[in-house]
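Only one chain is shown below, in structure tokens, and it's the form predicted alone.
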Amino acid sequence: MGNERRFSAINTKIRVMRSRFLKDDDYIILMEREKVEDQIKYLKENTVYGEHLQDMETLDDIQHVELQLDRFLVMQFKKIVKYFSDDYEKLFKALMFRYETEDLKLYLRALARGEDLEKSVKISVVRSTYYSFSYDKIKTAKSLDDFIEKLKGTKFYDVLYPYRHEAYSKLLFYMEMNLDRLYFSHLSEAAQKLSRRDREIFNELLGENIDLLNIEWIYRGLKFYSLLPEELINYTLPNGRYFEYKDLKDLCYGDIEHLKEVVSGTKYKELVNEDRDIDLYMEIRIQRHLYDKFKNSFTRGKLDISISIAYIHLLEFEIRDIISILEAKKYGLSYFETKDYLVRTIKGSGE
């Protein structure tokens, strides 16, 4: 099927869906509300998310809002997938695979803290329909060994099993990186079956994401885990856009100052901007870079895959921002403090 026929209907639909996103004014109004209850009431009465929040008995339950917004995301995802078939459908299902890996990370962190999985699980209940493993089985796990054994027979078992007896100081780092490697490998494989043009578009977006994650992982490994260079390079992701293996190896065999110097000379220089705490702001800077990339991709997109891919990610970022705004109000952050933690840059004044 040619791209013109494939994307003419879906792109029109997605542009309409995108037009219902929050505007800057909505962000400002939310941040200026005095209480969490007022913020949620605004979401219910004035945004596309309202119909999913109508059953709330109390207007201060952020966890319930997160659950419902995640449900909304899954619904939008399903609307897009139905327009595709063959290898394109497989790609979008591969994108959905990220929810599995991210939820497994949540479970692993909960286990590391000694929490009961049945009590600590939040939004994953919505996603569990798409799991390739049994949610009902793993949620009863009482230890890390038990958790991994309950994944036996899935693609995750071989990835996690070798690290089950690692010291907790490094265990999560190892396991999370291996889950990410599995996801990106799965995604790269699915992308190779797209048309040449769509493959190029997707690989460009994916490549920058990989670059950013590699920089973050090497930085964390050097600063917080004192990993050996050989360990660091073994956990980097292949197929980055600008950072090739030799570049990553150079970073792994250097120190923090060398990494900052190298990255400062690239398009990712904002990640190591020392005007603000790098440790605190690196993650949000990565997300902002990707947000701008997807936003530009959506704007420039024609009859190709860029609009579909960008829409899903932009929606994820908006939902993340909404929850950040609610959490910031809960903990008493000011308007300007809240803006610092948002992915989207908002123009306008608050207090």
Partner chain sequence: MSVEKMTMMNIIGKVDEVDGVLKDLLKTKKVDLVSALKQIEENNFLFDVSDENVDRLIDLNYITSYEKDEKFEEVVKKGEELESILNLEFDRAAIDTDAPMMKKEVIISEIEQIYHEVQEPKAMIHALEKEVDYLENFHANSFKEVQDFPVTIEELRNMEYFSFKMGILSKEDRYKLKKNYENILAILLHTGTSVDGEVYFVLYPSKLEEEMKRILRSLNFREIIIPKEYSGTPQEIREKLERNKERLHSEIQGQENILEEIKSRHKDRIKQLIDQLWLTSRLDDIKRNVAISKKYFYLSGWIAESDVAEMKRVLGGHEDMLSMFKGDTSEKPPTKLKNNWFFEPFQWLVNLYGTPAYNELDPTPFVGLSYMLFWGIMFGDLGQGAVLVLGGIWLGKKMKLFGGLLTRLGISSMIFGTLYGAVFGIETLIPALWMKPFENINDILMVAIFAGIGILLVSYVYGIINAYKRHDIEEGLFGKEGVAGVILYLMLLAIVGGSLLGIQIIPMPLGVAIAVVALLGIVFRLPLTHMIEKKKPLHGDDVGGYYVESIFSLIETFLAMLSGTISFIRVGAFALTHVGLFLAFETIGHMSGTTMGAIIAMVVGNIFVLGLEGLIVFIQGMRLQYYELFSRYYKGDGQEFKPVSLENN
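Only a predicted model underlies this, so the values are computations on that prediction, with no experimental measurement involved. Numbering follows the first chain given and starts at 1. Heads up, when I say rigid core I mean the largest set of C-alphas that superpose within 1.5 Å between the two forms.
Although it is not shown, the form predicted in complex with its partner chain is what the next lines describe.
Check Q287, I323 and R344: does every one of them have a heavy atom within 4.5 Å of its partner chain in the model of the complex?
Not a single listed residue reaches its partner chain in the model of the complex, so no.
So its partner chain isn't shown here. In the model of the complex, which residue out of E231, E208, E270, E102 has a non-hydrogen atom within 4.5 Å of it?
Only one option qualifies, and that one is E231.
Which of these residues, F133, Y107, Y83, Y235, gets a heavy atom within 4.5 Å of its partner chain in the model of the complex?
It is Y235.
If contact means any heavy atom within 4.5 Å, which of 134 to 142, 94 to 102, 254 to 262, 223 to 231 contacts its partner chain in the model of the complex?
Looking at the other structure, the answer is 223 to 231.
Applying a 4.5 Å heavy atom distance criterion, does K150 contact its partner chain in the model of the complex?
Contact check for K150: no, nothing within 4.5 Å of its partner chain in the model of the complex.
Against its partner chain in the model of the complex, would Y168 count as a contact residue? Criterion: heavy atoms within 4.5 Å.
Y168: no contact with its partner chain in the model of the complex.
I'd like to know whether N178 contacts its partner chain in the model of the complex, with contact meaning heavy atoms within 4.5 angstroms.
Yes, N178 lies within 4.5 Å of its partner chain in the model of the complex.
Is V159 near its partner chain? Define near as a heavy atom within 4.5 Å, in the model of the complex.
The answer is yes: V159 has a heavy atom within 4.5 Å of its partner chain.
With both forms fitted on the core, check whether the Cα of K155 differs by 2 Å or more between the shown form and the other one.
Yes, the C-alpha position differs by at least 2 Å between the shown form and the other one.
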